[in-house]
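The chain below stands alone and is given as structure tokens, in the form predicted on its own.
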């Protein structure tokens, strides 16, 4: 079958499944405003109460005072068994979540180091050139695999495995299958990095993993999806919170995307490029984005003790994401030998993506209305709010970047690289950091020993990504204008980017330093070094005491 036809058929299948589920949702009345569903993340007495385990006692008290000062009266959740079910769910998922977070942090350090080396090579080309695996092409690909599949995918799976049992109010079914799946996935990631370092690659961006190794990753996803769906079918919850929709859909989407993208002997020539960017864009929009949005919809309201402003709007954002995202990757092929209608379809769908982005942004702004200052007190909230704002910025920028007039300048420049990092790091990774800071005290039952390191991590990471984005966007745009100027030599467009590439390395260096602080702090927490603030040792049985302290 023709590769382009296969990718279009897969996109149509995704949309068709989404349409059928959408119709089923309408018949069940799931899209009507549902305060009860919006309150499923709370136990009785939790609405209006601060909940950020990354804080010490004094900071938690200040956050609670700020929430009390700005909080109106809202009806409390009704189910008295919520806390008990939540504790059982956390106990069942603790080891798999710990495994995913640990693997993710290991790949984060490796990927960030490879990324910083790659950045330095762009303006310091003689740096580390003695071996073939040190070359820019291999080092940058190692960075991509380690960060996208190692860091984001592992931590994303950890968040899904931690949140779904909580939201479904049932223990995780088949945790050993989840851990087996995680083992397969990380064997695949490690093997892929080794293969790429030795020069073995499938040669498509974001799909460099050899298909033979990709079988391990796909097998791992099958194990995890089986356990997740078994848990879903045995749920006690009557309402499905919006985070469940995002995370279940994300697991199905990435499995279909990866299967089609890695089919051997199918993708060739122009069709290969079309499949490449169909997958490359969808892995961000239909895998990373649903993970992060589902996390924000849980952690942000939970931290401030307030229901999400409009449950309807959250579902509108989910369904429009499902309907509009599948074909946005085609704008990367503007000017290429591909059908014009396909590029136009991609541009139209890219502009339509403004709808779910605005729906999410308005919803979060309404939830935080009059409460923005709470970010001064809560580290988790800072990461979530920063990530949410970067989602708005990167998505709107991406929609307009798809236009032919913008692509004429930005295509084949560092501008595109800056945009990709704004989405993958400024949005997704910052949300993952915030989720880890919330989750790990409950997973390990040992609180973060040095809260000031959390603030240091945030400022280094946020300043680093802003320096990276601003200077690389600026330099990339000038690069595009120089390439369009027929009176200038091509090398002029290269030389003028050097100062901006140096600033890119400065921003990347700050991000790398923030990762070292973050992973070091987590290691100190795991080993129980530093001051003993609250709680028991690793995976202690006395879970209710800490949960009640954080929850109430």
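Residue numbers count along the first chain shown, from 1. On a predicted model such as this, the values are computed, not experimentally measured, just so you know.
Omitted from view is the form predicted in complex with a small molecule, to which the following refers.
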(message) I'd like to know if residue 49 sits close to the small molecule in the predicted bound form, meaning any non-hydrogen atom pair within 4.5 angstroms.
(response) no
(request) State yes or no: in the predicted bound form, is some non-hydrogen atom of residue 367 no more than 4.5 angstroms from a non-hydrogen atom of the small molecule? (result) no
(request) Tell me, yes or no, whether residue 457 is in contact with the small molecule in the predicted bound form, where a contact means a heavy atom of each within 4.5 Å. (result) no
(message) Is residue 377 near the small molecule? Define near as a heavy atom within 4.5 Å, in the predicted bound form.
(response) no
(message) Within 4.5 Å, heavy atoms only, one stretch in 503-511, 58-66, 523-531, 481-489 touches the small molecule in the predicted bound form. Which?
(response) 503-511
(request) Taking 4.5 Å between heavy atoms as the contact cutoff, choose which of 169, 306, 281, 247 touches the small molecule in the predicted bound form. (result) 281
(message) Can you pick out, from 214, 423, 182, 388, the residue that has a heavy atom within 4.5 Å of the small molecule in the predicted bound form?
(response) 423
(message) Checking a candidate spot here: are 243, 291 and 452 all in contact with the small molecule in the predicted bound form (at least one heavy atom each within 4.5 Å)?
(response) no
